[in-house]
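Only one chain comes next, encoded as structure tokens, the form predicted on its own.
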Amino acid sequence: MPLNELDERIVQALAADARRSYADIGAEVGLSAPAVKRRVDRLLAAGAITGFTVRVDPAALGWHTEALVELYCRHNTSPSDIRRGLARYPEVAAASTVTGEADAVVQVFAADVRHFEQVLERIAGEPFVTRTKSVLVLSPLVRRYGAGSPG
């Protein structure tokens, strides 16, 4: 569902702080609180807004090491096979199929380098994985969790 400019401003306000009241958002975008609520409900029903969540610093949960892992898979591996295989790892924060040589890129959080090595060994042992290539994140530079048009 494409968002109009007003819907996009509402989504951006919620993405920045999902705890903001509809009245506060309405004051920012020039609508009443009930009008903002109706728009949010419509966006939820249409699937443009998929939920509300909290962002937690991984270090607060004991995850002090972050890595990006390229997965190279067997020829007939489907994205759903990769998803099923990775879903059981609590250390996997995100995974996406990609263009290029790798079949997928996986974001992994671990307690430390040793823990990451153990997770990497388990992932590499999945039947659909032929090899992996990984890098440790030194400093995250840009993280965008909110909304906004790409253009």
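Heads up: residue numbers just count along the shown sequence, starting at 1. This is a predicted model, so every value here is computed, not measured.
FYI, the form predicted in complex with the DNA isn't displayed, but the following is about it.
For the options Ala124, Val105, Ala35, Ala48, the one in contact with the DNA in the predicted bound form, meaning a heavy atom within 4.5 Å, is Ala35. The putative spot formed by Arg20, Leu31 and Arg39 is fully lined by the DNA in the predicted bound form; each residue has a non-hydrogen atom within 4.5 angstroms of it. Comparing 52 to 60, 23 to 31, 84 to 92, 112 to 120 against the DNA in the predicted bound form, the single stretch with non-hydrogen atoms within 4.5 angstroms of it is 23 to 31.
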